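Next up is one chain by itself, shown in structure tokens, the form predicted on its own.
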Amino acid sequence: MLEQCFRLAQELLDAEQTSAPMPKVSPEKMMRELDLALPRQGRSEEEVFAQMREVLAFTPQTSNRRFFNQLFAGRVEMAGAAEVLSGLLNLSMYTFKVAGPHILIEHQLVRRMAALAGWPEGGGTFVPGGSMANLVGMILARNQAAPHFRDHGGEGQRLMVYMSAEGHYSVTKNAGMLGFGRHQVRHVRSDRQGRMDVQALEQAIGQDLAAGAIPCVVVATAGTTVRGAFDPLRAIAEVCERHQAWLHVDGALGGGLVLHPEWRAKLDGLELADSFTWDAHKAMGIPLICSAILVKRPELLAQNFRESADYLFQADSDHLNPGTKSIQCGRRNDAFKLWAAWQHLGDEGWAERIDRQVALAEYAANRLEQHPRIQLCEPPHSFTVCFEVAGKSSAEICDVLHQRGDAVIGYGRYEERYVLRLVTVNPLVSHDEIDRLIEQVDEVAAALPDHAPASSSAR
């Protein structure tokens, strides 16, 4: 069976390198052409592998070099190999008893990542995605501001959350789940570069204090989803210290820049924060999911998440049983693949990868700036390049490119309009492939009717 599995995997890898992206296919067509129904009687290995091959043929190829759509693309192959082995091991990361050396691997990673964030004595844990990392950071902030909350719930206090208008939607979503209330989230305006306006943050906190509310947590962003902008962490930290508010940094996209001797300056002041989200499955090319929540004071994790479970924690110390400080019980082994990639690349390899990603963004920006019919919105802050064709619908351009199987690219909100967003996190992309994308965007736009820009209230 494993031989057939590896053969199918090799076919997938070959297709990523040699074929165009999967053209857009409707779910109705997929349901007609794929046999997805669950059978009453089992099928042979050959039949099931044949079905899987058909499913793969309809599956988007996120490692194809013409996939520019999300903040993840490509992969570090050593991490992919470790992911396969992790699946075969099928262990959970709640105790040393069942995970053995993989607990020690996670310790090594967490210590190194926290130290890179500026916390030599810091800690953390792996979680299922950046949204969950933000959730953990917000739980810690809530319980610090209202120590009674974990045991007794809210007692009529208004705990306020502050985020940039360019920040991730998970912050508002988490506020609704944690008892803050979605309406207690202040979406602080951003400046012309897409960064949180620190003066506006100070004003918002002042207004809430005057109304009797408690400024609980400020969620700053290191690499916004659309523009890739970095909030001014040092200045925000000064505001948080003045008002005794927790500072959480959402570095899901840009957190890995701390691995680069020069680009880490984008996160200046990170060491002043209280917690930090870092997704290795984005710019670092680790297979999904691989996210960590890092904290300056590691003891807070156990203080806020430990529960008695004698049937589970039967051996070893809490230090060796990460389930005592995790939001989860059962937890995937996401550390092994990052560790394997780090062993293969080393710190220098990560820095070289960042150099290539940033260079690709700069190359794309230069080409767009020279184009007679396409407008570059701004120089790239990191790995994302925003541009548009005046008078044409960015959404329609993306859709036609996808339908034709030319490229997969997305669009996002830039100031008061929607623009195309090119993401350069796959370092294997060539200059020729970027040039071809720009030519195809121009070609598709020329064939589209003129389009009135969406209103500022459109979502």
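Every value quoted in this text rests on a predicted model; they were computed, and no experiment measured them. All residue numbers are counted from 1 along the displayed sequence.
Another form, the form predicted together with a small molecule, is not on view; read the next lines as being about it.
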Closest heavy atom of H168 to the small molecule in the model of the complex, within 4.5 Å or not?
-> yes
Contact flag, T221 vs the small molecule in the model of the complex, heavy atom cut 4.5 Å = yes
R367: heavy atom within 4.5 Å of the small molecule in the model of the complex?
-> no
K337 near the small molecule in the model of the complex, any heavy atom under 4.5 Å?
-> no
Pick from S382, N321, N134, T125: which residue has any heavy atom within 4.5 angstroms of the small molecule in the model of the complex?
-> N134
Answer key, the small molecule contact in the model of the complex at 4.5 Å (heavy atoms) among P232, G349, G129, G154: the residue is G129
So which stretch, 190-198, 90-98, 277-285, 303-311, is the one near the small molecule in the model of the complex (non-hydrogen atoms, 4.5 Å)?
-> 277-285
